[in-house]
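Shown here is one chain on its own, the form predicted alone, set out as structure tokens.
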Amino acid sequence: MIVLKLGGSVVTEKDRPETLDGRALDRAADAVADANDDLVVVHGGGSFGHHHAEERGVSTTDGTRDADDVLAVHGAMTTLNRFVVDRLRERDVPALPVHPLSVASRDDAARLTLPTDQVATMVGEGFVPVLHGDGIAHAGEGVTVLSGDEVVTRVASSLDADRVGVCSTVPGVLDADGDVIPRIDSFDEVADALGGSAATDVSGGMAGKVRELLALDRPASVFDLDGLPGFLSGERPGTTIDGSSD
């Protein structure tokens, strides 16, 4: 089984609020439609969720108790989710939405609970679950942001995924010279090269992705749209991130 994340910066124009990158999403959907493995898709927030979260001061650590704020973030994410599901369905992919706000939470120590039984059952019944970053209930904070990267690692671990991939706008994790780093086994190796996202991102940009994937108990790949078909066919394009070997 494969867990694949489509980065928000891939499927949206991240510097323009609530703007879909239709061509990029079509390319991603075409690649997914050709995949032969069981698949779970996760997508980021891009210019949909991140824009509203940043505007309202909501992040992975700072929450809100204003229902209007929560609905603005969640509503933007469900709109984007519908776009992703619809593009997949147009290609006869049996995609179904799964919204984390309805099932996930954090306790007062920020420990995440994200049930995945329904995701496993969907996959077992031949469907392709499509999850996304979202707002989730957080004890002591109201509602905070759950990043798509954390959804990826939690689902991949819970479902014992064979392969994990993150499709980004760059061909891998880049060093200070803009070259792809072939392999990362610890964050210290690349800390100096990783900065924040150039556009609004309340979940940590590339640095956040690397930290999450290093915490995963199996290798993961970071690549761009050009590398997506190869990844889905069994290759390891871009950067391999493997904290389990550290």
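Residue numbers here begin at 1 and follow the sequence given. These numbers were taken from a predicted model, which means no experiment stands behind them.
This next part talks about the form predicted together with another copy of the chain, which is not shown.
Report task. Among 39-47, 186-194, 59-67, 217-225, mark the stretch whose residues have heavy atoms within 4.5 Å of another copy of the chain in the predicted complex. Result -> Only one stretch qualifies here: 59-67.
Query raised in the report: Should D117 be counted as a contact of another copy of the chain in the predicted complex, where contact means heavy atoms within 4.5 Å?
Result: Output for D117 is yes: heavy atoms within 4.5 Å of another copy of the chain.
Query raised in the report: So, in the predicted complex, is E125 in contact with another copy of the chain at a 4.5 angstroms heavy atom limit?
Result: Close contact exists here: in the predicted complex, E125 approaches another copy of the chain to within 4.5 Å, heavy atoms only.
Requested in this report: Verify the contact flag for T169: yes if a non-hydrogen atom of it lies within 4.5 Å of a non-hydrogen atom of another copy of the chain in the predicted complex, no if not.
Outcome: Residue-level check for T169: no, no contact with another copy of the chain.
Query - is_contact(R87, another copy of the chain) in the predicted complex, heavy atom dist at most 4.5 Å - result: R87: no contact with another copy of the chain in the predicted complex.
Requested in this report: Scan A76, A104, V164, V155 and let me know which has any heavy atom within 4.5 Å of another copy of the chain in the predicted complex.
Outcome: Checking each option against another copy of the chain in the predicted complex, the one that comes within 4.5 Å is A104.
Query raised in the report: So in the predicted complex, are L96, H99 and A139 all sitting within 4.5 Å of another copy of the chain, heavy atoms only?
Result: Spot residues vs another copy of the chain: full contact, yes.
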